[in-house]
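Take a look at this single chain in structure tokens; it is the form predicted alone.
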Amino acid sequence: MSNTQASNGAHARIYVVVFVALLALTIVTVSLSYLHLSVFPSVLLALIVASIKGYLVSNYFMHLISERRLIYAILVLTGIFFLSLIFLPLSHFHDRVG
């Protein structure tokens, strides 16, 4: 067996494991809807399960697991833009009141 065939087999195995995990988490999501919990625990559990599923999809099916540095750079840039959009209007409001 050549090296590329072994590599393809390993990748296929990972995809199957991720698919089974996503299937199991979907069953967990549907099962949680039948528990009739109050709003806060229900939303919290749904967000936790959705976050795990989003992590699996983005890292394995979208191949983002190997691009850590780029993702952190984009995250920092997004944070800078977010903070500037929050504080620029506040500074303008402070100048008008004072």
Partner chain sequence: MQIPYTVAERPDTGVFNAKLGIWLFLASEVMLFGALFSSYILLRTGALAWPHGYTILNVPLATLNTVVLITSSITMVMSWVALRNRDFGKYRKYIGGTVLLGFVFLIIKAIEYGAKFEHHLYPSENTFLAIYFTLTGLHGLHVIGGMIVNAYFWGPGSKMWVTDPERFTNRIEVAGLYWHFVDLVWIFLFPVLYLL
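Computed from a predicted structure; not experimentally measured. Residue numbers count along the first chain shown, from 1. If you superpose the two forms and keep the largest set of C-alpha atoms that fall within 1.5 Å, you have the rigid core.
Not pictured, yet referred to below: the form predicted in complex with the partner chain.
Core-superposed comparison between the shown form and the other one: the Cα of F19 travels less than 2 Å. Pairwise change in the model of the complex: I52 and V76 C-alpha atoms lie closer than in the shown form, at least 3 Å. Compared with the form shown here, the C-alpha atoms of L64 and L75 sit at least 3 Å closer together in the model of the complex.
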